[in-house]
Each structure stands twice: as C-alpha cells, then as structure tokens.
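In the form predicted on its own, a lone chain appears below as structure tokens.
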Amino acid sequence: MSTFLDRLLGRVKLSGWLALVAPLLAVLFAAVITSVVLLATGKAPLETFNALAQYGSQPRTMAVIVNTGTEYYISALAVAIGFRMNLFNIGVDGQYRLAAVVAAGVGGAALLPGVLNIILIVVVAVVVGALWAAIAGLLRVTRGVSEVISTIMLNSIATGIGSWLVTNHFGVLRGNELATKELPADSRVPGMALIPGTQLQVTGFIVLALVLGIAYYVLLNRTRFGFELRATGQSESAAVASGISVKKMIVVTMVVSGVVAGLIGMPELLGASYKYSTNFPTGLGFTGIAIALLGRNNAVGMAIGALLWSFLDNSSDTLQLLDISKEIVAIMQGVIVLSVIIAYELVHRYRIVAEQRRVSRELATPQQAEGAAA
C-alpha cells in the first residue's frame, strides 16, 4: 500500500513540476527563436536582451510596467471568466471602450461631488460593460449565435457608438483633440509612491486588481456558482443532467465577464488621462486574451503574464536606439503564447497517459493475484 502511495505521490509531484516548468521552457524557447531572428537580421541577441533588461529595470520604467500590467491583468481576468466556461469573449475590447466613453461622459458632467462621482463613474462603467456583454450571451441562448461572431460584430458597433457619443454629446474640442470633459480634481484616484527613485506613482487601481484576482479565485473555486460554471464549461450534457441551467449560466457568465471588462479602462480614466480621447488605450481586450492563455486562466499565472507582457511592451522602445525594430518584441510575445499553449497541451497529454497507465496496472494486479491463487 505504501509503495502504491509513494508512486502516486511521485506522479503528482512530477506532473506539478511539469506544469511549473512548461511556461519557463516556453519563454526560453521564445528567446531562442527571437535570437535566431536577430542573427538573421545582423543584430546581436545578447546586446538586445541586455538593453531590454537595463531599460526595464529603471525605476520609472518599473512604475510604468506595473501601471500597464494592472490594466492587462484586469483584462485577462475578464477574458478568463469566459474561458473557464468555454466561452470566447472576444468582445472584452469593445465592452471596456464603450464603458469608458460613457463613464467619462457622466464623470465629466460632475453630477456628484468628490468620491461619490468616482463611485458613479465606476458603477456606470460596470453596468455598461455588463449590458454590452449580455447581448452576446442572449444571442447565444436565444438564437444560437456563436459568441465569437457576435462579440466581433459588437466590437465594431461599440467603436461606432463611442465615436458618435464623443462627437455629438460628450466631446469638447481642445486644439486638434476631441475629448470628453476632464474629470474634476476631486474625482480622481491618486497613485502610490511604491517604487523609490522615481516621481511616477503606481496607480491606485493596483489594489482593485489584487481584490479582483482574489475574488476571481474564490468565485471560481470556492462557490457553487464557480462549480456550476466550470462544470458547464467541461460538459454541457453533464451539467444539464446535474440540474444546471446551461442557458442561464451562459448569460450570467457573459455578464460577469462584462462587469470586469468595464473596469479595464478605469486606471487610465480615473488615474492618468482623466478623459476619453483618441489617445485612450485600445486593444487591451485582445492583450487580455493572450495573457489569459499565457497564465492558463490562473489568477497568479495571469498576474505574472501581465507583468511579463507589460515589461516587453514598455521596454521595446529602447530597441530603436540600437537600430532594432521594436516589432521584434511582438515576435517574442507571439512565440511565447504559442509555446506555452503547446507546452501545456503536452503536459495535459502526459497526465492523461500517466493516469491510463495507473488504472491499467491497478486492474491488472487483481487479475494476476487471482491467476497465482488458481
């Protein structure tokens, strides 16, 4: 019995180590591929990586990495909620941008004073994001429209609605820039001086990101809703047999994903630009998809992935000083995601094969014992 337990624990430890080592090997493999590309263009890989590391370790750059990583992490959480139920919410990008436009317009009107206005802005963003995401969920359960198709279309519609709102309702022309009214000074979220050596502060929304990460873990792993969400994602037929309403879960999951998506633009709106303009960050929803894949929908894994992605994005600017195209970083990011997906798939297959072998041995042991007795 003890021998069996020892072997079982050994397999569990080996499987866990493989899951831990897989992303590290993927990053290493991406570095090798990037080095090959650099050599093919006549550039020195070590010099390139050293420049990235030196620039990324500067205090100001570190603060920028954390601030950008905060937005990336919230975006990844919004995407991961759908992923855990096998829903591909590509519409996160449109959901956060439309939420930011409406929230900026309402906040700029200063309907409430101080902290109350901040709360109003956040609530408006959450509601808009949830309602926009709910459309895709309702189309899925009532008309069978794939959320992939509907959210792609909704992204385009959200862009058009946002432009119309800024142009005709919320926009104020300042020189050549058309933007919403700036938020009042008492309706801004202050930063925190967490990194010595720079005056640039870390966004106060890093606290919200930590809370969301904890809430994500607890919701999916410690609540009935999380169990039903994961069960529905793994097998809809089994979920139906267990009495779970699949249609309800689809809509609710999309709404929850939209709620988190509505918060993506808040660090920029309430803590940096204080308005929505043509310079407002775009594409954060698609970045969140890559980071969710990189972190395997794990709260801690996505946090590490968000910081890694932010480091590569923000450190890439220094490559131009070496006459190296910053697009080399995009190549590295793409290879990292692809390599991680492949690595985790190999680990998953290893686990399945190991489990099949274990079951086969357990079934074979009683038969051998009966044969010996006969």
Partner chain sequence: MRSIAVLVVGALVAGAAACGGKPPEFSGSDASSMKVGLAYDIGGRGDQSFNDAAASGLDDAKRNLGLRTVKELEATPGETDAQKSERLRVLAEAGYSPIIAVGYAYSEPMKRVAPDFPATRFAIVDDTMARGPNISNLLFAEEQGSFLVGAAAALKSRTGHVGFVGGVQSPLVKKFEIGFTQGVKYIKPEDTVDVKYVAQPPDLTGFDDPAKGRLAAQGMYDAGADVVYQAAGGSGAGVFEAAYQQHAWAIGVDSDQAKTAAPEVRGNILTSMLKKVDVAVYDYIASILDGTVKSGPTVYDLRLGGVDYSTTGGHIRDIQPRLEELKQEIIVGKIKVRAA
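On a predicted model such as this, the values are computed, not experimentally measured, just so you know. Positions refer to the first chain, counted from 1.
Keep in mind that the form predicted together with the partner chain is missing from the display, and what follows is about it.
When you look in the predicted complex, the only residue of 52, 26, 64, 308 with a non-hydrogen atom within 4.5 Å of the partner chain is 64.
Checked against the partner chain in the predicted complex, the candidates 298, 201, 86, 273 yield a single residue with a heavy atom inside 4.5 Å, and that residue is 273. Stretch-level contact check against the partner chain in the predicted complex with heavy atoms at 4.5 Å: of 289 to 297, 183 to 191, 276 to 284, 256 to 264, the positive one is 276 to 284.
Although the partner is absent here, residue 68 lies within 4.5 Å of the partner chain in the predicted complex, judged by heavy atoms. Not displayed here, the partner chain is approached by residue 320 to within 4.5 Å at the level of heavy atoms in the predicted complex. Contact check for residue 152: no non-hydrogen atom falls within 4.5 Å of the partner chain in the predicted complex. Within this chain, residue 162 lines the site of the partner chain in the predicted complex, having a heavy atom no more than 4.5 Å away.
Shown here without the partner chain, the chain has 159, 162, 163, 166, 167, 173, 174, 175, 176, 177, 178 in 145 to 179 lying with a heavy atom within 4.5 Å of that partner in the predicted complex.
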